[in-house]
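Form predicted alone, single chain, as structure tokens, below.
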């Protein structure tokens, strides 16, 4: 009987703010280029602290849904990404079979993305990937959660592929995969942190050397755990 019950998830104020903003975007009440109210006014309207508003905006910026422009405030961006993200999370509801397909898709995207990154990367791309790797390692060494830093490392590789569609698809599917991977505690973080860092460094090394096939294989090895997890569902 126990397996018939689902975990009750309590939404935080940040989750609720994100849900409201996403709903306004997907319903067409907020369009690309529209500016959000200032943090203070938004916090007053929602009845929450400015910290909660700031955290929600930061997360939406991370996934490319909002962007903050100098002297212009926070505006809506990435409309196509948002619509597709809503399709996956709201329509498919991430059933087990769907989740397995998403994991398989991530492997396909990232192995090919790593190959393209090795072939097309610029000196600036390498700098950005290195910065993402350093940020991830710093969080790990401090025993802090480094989910966003890990995702940023992968997104910087996707950017280096020079394939905008590949990056957009990564933005759509990866956050839910990473969240579930952690939720089900597939791996103990203390056991894998050194392994992950070494794998990241290996992927970066092949990209720097311009070896597309080696970068692709290194990425495939790196994603083996999440791939096996997806197949087990």
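Quick caveat, the model's predicted, so the values are computed rather than measured. Note that the rigid core is defined as the largest set of C-alphas that superpose within 1.5 Å between two forms. Residue numbers count along the first chain shown, from 1.
From this point on, the text means the form predicted together with the DNA, which you will not see here.
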Do residue 74 and the DNA come within 4.5 Å of each other in the predicted bound form, heavy atoms counted? yes
Taking 4.5 angstroms as the cut-off for heavy atoms, does residue 33 touch the DNA in the predicted bound form? no
Exercise: residue 206 in contact with the DNA in the predicted bound form, heavy atom 4.5 Å: no
Even though the DNA is not shown here, does residue 199 get within 4.5 Å of it in the predicted bound form, heavy atoms only? no
If you look in the predicted bound form, which residues in 38-56 sit within 4.5 Å of the DNA (heavy atoms)? 38, 39, 40, 41, 49, 50, 51, 52, 54
Aligned on the rigid core, do the two forms place the Cα of residue 201 2 Å or more apart, comparing between the shown form and the other one? no
If you line up the core, does residue 144 shift 2 angstroms or more at its C-alpha between the shown form and the other one? no
Answer yes if the CA of residue 166 moves 2 Å or more between the shown form and the other one after aligning the rigid core, and no otherwise. no
